[in-house]
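Here you get one chain, nothing else, as structure tokens; it is the form predicted on its own.
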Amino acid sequence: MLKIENLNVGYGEVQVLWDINLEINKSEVIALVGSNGAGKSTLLYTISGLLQPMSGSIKLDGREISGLPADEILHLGIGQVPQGRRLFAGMTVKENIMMGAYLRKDTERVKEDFEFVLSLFPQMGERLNQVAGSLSGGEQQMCAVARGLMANPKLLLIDELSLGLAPIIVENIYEAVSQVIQRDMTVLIVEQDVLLALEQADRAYVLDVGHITISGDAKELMDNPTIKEAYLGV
């Protein structure tokens, strides 16, 4: 579904990613893991069109998308749950969730998807008319995931889902994400919590200081001595 080849990305003259090669197949769950500052979010911004690459290729279903504007990439089927939630604080929960569907014309399916995301996050159904800025951190993350799902993406990018949240909240949100995965949605999960990400994924890539250093089956990487020492504290 997604193929990245020899991708180089930076901010101005400061290069952050070097020669990134990554593939995602339909219905796969891929984990992109690494320490803070490794370049994980930068890669997602580039896939989404929020940041333009210096060089290299990003193809979605065989079509080159690097260089396209972010709204066109969303229209082609790549949605994102950004790090830090990025909700519209003064708008209601319902308005925030529905913003995810602003490009869609399939009105009946939008209604069905809205009911589905409320079934995933019942708390959101109880707070539809509450302004998003008054939600707790965990509730804001639920709202952000619900908004991302409302785009009905082919590929959903989730950036640092667990960051700053209590473990019980993280468990609840990942349970909802697992239900989405069971519907054959393709997902790229970016996480600092390496063990959590590897438990969710089929395959994984390790990003270290802007370079992909290790990749492979997620369960096998749990037993990789380098991963254990560097990220799992074993």
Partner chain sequence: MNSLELTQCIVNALLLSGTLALVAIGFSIVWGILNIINLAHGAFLMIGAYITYWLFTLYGVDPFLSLPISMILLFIGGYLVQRYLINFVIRAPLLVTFLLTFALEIIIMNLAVVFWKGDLRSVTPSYAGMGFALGEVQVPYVRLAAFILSLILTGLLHLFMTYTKMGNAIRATGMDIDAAKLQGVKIGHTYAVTFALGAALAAAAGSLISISFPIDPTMGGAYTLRAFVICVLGGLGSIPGVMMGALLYAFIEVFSGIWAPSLKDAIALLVLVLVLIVRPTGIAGKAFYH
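Numbering follows the first chain given and starts at 1. Model, not experiment: these values are computed from the prediction.
Omitted from view is the form predicted together with the partner chain, to which the following refers.
- Every residue of the trio 74, 90 and 147 has some heavy atom no more than 4.5 Å from the partner chain in the predicted bound form.
- The partner chain in the predicted bound form comes within 4.5 Å of a heavy atom belonging to residue 70.
- Proximity of residue 82 to the partner chain in the predicted bound form: non-hydrogen atoms within 4.5 Å are present.
- Mapping the unseen interface onto this chain, residue 209 falls outside it, with no heavy atom inside 4.5 Å of the partner chain in the predicted bound form.
- Under a 4.5 angstroms non-hydrogen atom cutoff, the partner chain in the predicted bound form has residue 48 among its neighbouring residues.
- Screening 117-125, 74-82, 134-142, 160-168 for residues having heavy atoms within 4.5 Å of the partner chain in the predicted bound form returns a single hit, 74-82.
- Of all the residues from 94-115, those having a non-hydrogen atom no more than 4.5 Å from the partner chain in the predicted bound form are 95, 99, 100, 101, 102, 103, 104.
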